[in-house]
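This document starts with two versions of one protein chain, written out as structure tokens and named structure 1 and structure 2.
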Structure 1
């Protein structure tokens, strides 16, 4: 099964190389090839995700590897859905490498399948962690939109496309924010069931709250029309490392109730 994961990783990498070459040499054929290779990698990745779930007899979302793997899958899924629905071809140049980076992080984690510890055996598990995958993936895509906005603006891009990038970034943050709210609130209800208190100021909880505050501030600042564009683009890009810290940094650097492995 590991082979399936690494095959998907290598094919994602191939898609990214084709994407970069296509952009650098301005060759549409390479960009088209990159798209189909990316779809193939995603299909393989989906098979791996399903096989892992079947082998573990549960949702494959329980440790750092499984979460990172699902996170990468979420980013790739969003790139695909948004490109098709909004004809947002510009998303691929930064969206594909973003999926690859998260996948690369997953590859560095221990991959063994473990039995779910009793505290995780709950109906809230899927809601809490599934919404975290969607939320973090949306924030990454928002960062991708921000990056593309900054690149396009530097090259004197068309206003309509710049507006589309800015607005898509905002929508992704709005969706990610809703999902992060679901993560925090479902986590609170679950914590009361498992540990007897809705909130314990555990580092993982607090960093989820910090991330939530950062994006709440974004939503308010963006209400002023003057701030749309460069400011919101930078904000969306700079916030992505915070999302990564909440997801990975807290588990490695800080000890708390969420330290599962």
Structure 2
């Protein structure tokens, strides 16, 4: 299975190189090749994810490697779906590298398959962690939209495209916020069953709440104060490091009940 994983990683990297080359030299043929190579990498990645689940006899989401792998898969899936549905070619230039970045982080984690620890053997396992994958992936795509908006606006991009980037970023944050709410609520119920407490002030819980508040402020400013354009684009971009810290930094720098995750 390691061969499958690293083959997908290398093909993702090839897609990113082709994407950068096509953008730099304005070659449509390279951009098309990048897209098909990215689809091939995603297909291989999906096969690996399924094989990992079959080998582990559970959802492959129980440790840092498995979550990072699913996180990268979620980002890639959203890039593909949104590009096809919205014809948002602009999403690939930053979306593909984002998927590769998370995949690269996964490659640095231990890949051994372990049995679930007792606290994770629950019906809430898939709901809680699956929602986190969708939430984090959505926030990353929102950051990608913000970054592309800033780049396009600087180059005098079309208003139609800028509006699409702005609105898509907002929709991704709204969806990610909903999924993060599910993460926190399902986690509280699960924690009460596993540890007899809805909230333990574990570092992961605290940073999940901080992330939730940050994006709640974004939605408040967007909906109540009608903030748009550069402000919300920058907000979406600078919020992504908080997501990555909640995802990886907490596990690396802080010891807690979620250290295994």
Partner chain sequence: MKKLFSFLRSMRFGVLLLALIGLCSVAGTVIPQGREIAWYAQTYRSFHAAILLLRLHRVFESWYFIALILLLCVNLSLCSLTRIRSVTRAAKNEGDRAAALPDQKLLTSEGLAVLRAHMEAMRCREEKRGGVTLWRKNGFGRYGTFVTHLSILLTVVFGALALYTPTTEDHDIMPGETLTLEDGTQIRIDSFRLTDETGRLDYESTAEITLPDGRSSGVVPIRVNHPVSFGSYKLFQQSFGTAGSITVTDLAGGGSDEFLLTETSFLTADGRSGLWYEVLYPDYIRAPSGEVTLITLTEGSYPNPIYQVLVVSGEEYTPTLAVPGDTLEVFGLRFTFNEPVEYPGIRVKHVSRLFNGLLVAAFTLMILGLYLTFFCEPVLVKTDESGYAVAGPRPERMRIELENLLEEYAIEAKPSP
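Here, rigid core means the biggest group of C-alpha atoms that superpose within 1.5 Å across both forms. Just so it is clear, the model here is predicted, and its values are computed rather than measured. Positions refer to the first chain, counted from 1.
Novice: Which of these two, 1 or 2, is the form predicted together with its partner chain?
Specialist: Structure 1 is the one predicted together with its partner chain.
Novice: Using a rigid core superposition, assess whether residue 57 undergoes a CA shift of 2 Å or more between the two structures.
Specialist: Shift at residue 57: below 2 Å after core fit.
Novice: C-alpha of residue 29: shift of 2 angstroms or more between the two structures, rigid core aligned?
Specialist: The answer is no; the displacement is under 2 Å.
Novice: Rigid core aligned, does the Cα position of residue 226 differ by 2 Å or more between the two structures?
Specialist: Yes, the C-alpha position differs by at least 2 Å between the two structures.
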